[in-house]
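Taking the form predicted alone, here's one chain by itself in structure tokens.
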């Protein structure tokens, strides 16, 4: 496992953006998994800026997100579909056909999970996963306690995040929300993983994930077992490793 520490948050954003651009340039038919949230917003903007300044062929690039909210319309600004579309897809001219996302509504999410994974496998599987880490060590929406052998599924959301979503959407407490997420075993089959984190608030969980035992209590700790993983951090997030 390689650990890369950038001096500033801006340097981190640039480095992360180039991990994405680099994969596209190295393999024009790359299948790339992204993550949403505060950690990735600026890096996605930089990817778009680089492409605008130095355009290249993206016609065969496939993009997907590691997870998606369920039972909320895609028009919700916090949906992963909308965020990735606005931040990356439309700016890089990637076709709808090459933007793979599961539906947000379904009568059978088990079937949709299988369809999503099959679609990725039909394109050769994921080459790169830019993987965020939650405050409690979750990856995708695989919360603490999720078995490492879990395949793509609909997981309960982080309670803090769920509260925020319900507040923003005015969804009542008894309305079911969840997150369709690639399972841990599916994430681990990605050819290269870049675990990304910035800010002091991530320092403790990064230390546990990178230096602690490999345990389902900290789902991100499983990356210690991946043969081609980079942990990309800014100084603040790395403060307990230095």
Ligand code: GLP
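Keep in mind it's a predicted model, so treat the numbers as computed, not measured. Positions refer to the first chain, counted from 1.
Beyond the structure shown, there is the form predicted in complex with this ligand, which is absent from this document and is the topic of what follows.
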{"query": "Contact residue in the predicted complex, chosen from 62, 36, 70, 190 - any heavy atom within 4.5 Å of this ligand", "finding": "36"}
{"query": "Selected contact from 141, 120, 92, 113, since only one has a non-hydrogen atom within 4.5 angstroms of this ligand in the predicted complex", "finding": "141"}
{"query": "Per-stretch contact check against this ligand in the predicted complex, the hit in 93 to 101, 146 to 154, 132 to 140, 167 to 175 (non-hydrogen atom, 4.5 angstroms)", "finding": "132 to 140"}
{"query": "Proximity of residue 206 to this ligand in the predicted complex, heavy atoms at 4.5 Å", "finding": "no"}
{"query": "is_contact(residue 202, this ligand) in the predicted complex, heavy atom dist at most 4.5 Å", "finding": "yes"}
{"query": "Proximity of residue 66 to this ligand in the predicted complex, heavy atoms at 4.5 Å", "finding": "yes"}
